[in-house]
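We begin with a single chain expressed as structure tokens, specifically the form predicted on its own.
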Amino acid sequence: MQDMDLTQVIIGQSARMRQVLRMVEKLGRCRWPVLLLGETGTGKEVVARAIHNVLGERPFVTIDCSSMVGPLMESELFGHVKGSFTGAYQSKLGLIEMANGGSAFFDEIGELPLDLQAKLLRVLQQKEFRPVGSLTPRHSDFRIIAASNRDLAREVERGAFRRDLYYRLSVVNLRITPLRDRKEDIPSLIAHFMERYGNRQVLSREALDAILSYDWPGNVRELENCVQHMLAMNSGPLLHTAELPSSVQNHIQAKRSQYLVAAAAADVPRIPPQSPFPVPAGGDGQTPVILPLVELEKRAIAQTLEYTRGDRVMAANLLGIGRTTLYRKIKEYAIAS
């Protein structure tokens, strides 16, 4: 079978994502268990599917451990036979059996109760299971890929996760980096989501700068929701900062407020309240000196860059100008940054 182009699935060209792509290629050509670790929304299922698709195994079954609750959880995993409990009017195939010959992706496996962890361990060791209400064992041989946003090693120490299952799953650990630590991937992710959901719209420079300055606690999933929100708010060809979701808008406002508070607390000569013009140090406070607008602009840029410690994206947002404009003025005024 012809190999897939993995870049069509995993978006990003940062060094960390290139390492993930290399690992996906290697892991996809074997059947070792893989444990994917990372924060919610980092794209663990995307990576799991990429691993599965290297050789095109079929089927790929997703098992969301966080959504399976109550007494029916065992039936969802292992299936049941007709009449095994009240309401079992017919036999049902479980997710474990559906994954036979392919891959089973256990999403948020840390949510799996201890009793089901023991039964899953037996399936992985013996390749056998019994549906609810059945005395006859059935066979299922699949490649397991598990994911968690928890520290499973710590969960083992506190007794919330079986040690033997943990070692069975963590033959290979692959950590997915949060989006805030690979912001260079954001433009390509935005382009991917715009192509999927948009109609040839593009982001304004200011909107992109605002997005790049935000830390994205919800990771790629939150960024995807952001793009969808902007497209829903504006059907025009250019998307502006006004269309950004409230979380990003609040971030921009908080940064500006921090700057204003810091500027107010800074130990610098103050402008007399009755005059809009600065008075030079040592002046008598009576005759203000009018500075050219160019000099005022130069000073504002220099002071903002000093406050942001050279972070030009943040400085542009605080000054309310585009990043390209800021770069041009830094060069024009020969400002050290």
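One-based numbering along the sequence shown. Since the model is a prediction, treat every value here as computed from it, not as a measurement.
The same protein also has a form predicted in complex with a small molecule, omitted here; what follows describes it.
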Okay, which stretch from 116-124, 184-192, 88-96, 152-160 lines the small molecule in the model of the complex, with non-hydrogen atoms inside 4.5 Å? 184-192
Answer with yes or no whether residue 297 is in contact with the small molecule in the model of the complex, where contact means some heavy atom within 4.5 Å. no
Although the small molecule is absent from this view, report whether residue 52 comes within 4.5 Å of it in the model of the complex, heavy atoms only. no
Should residue 302 be counted as a contact of the small molecule in the model of the complex, where contact means heavy atoms within 4.5 Å? no
Report whether the minimum heavy atom distance between residue 41 and the small molecule in the model of the complex is within 4.5 Å. yes
Check each of 240, 229, 256, 221 and return the one that places a heavy atom within 4.5 angstroms of the small molecule in the model of the complex. 221
From the list 313, 23, 10, 321, which entry has a heavy atom within 4.5 Å of the small molecule in the model of the complex? 10
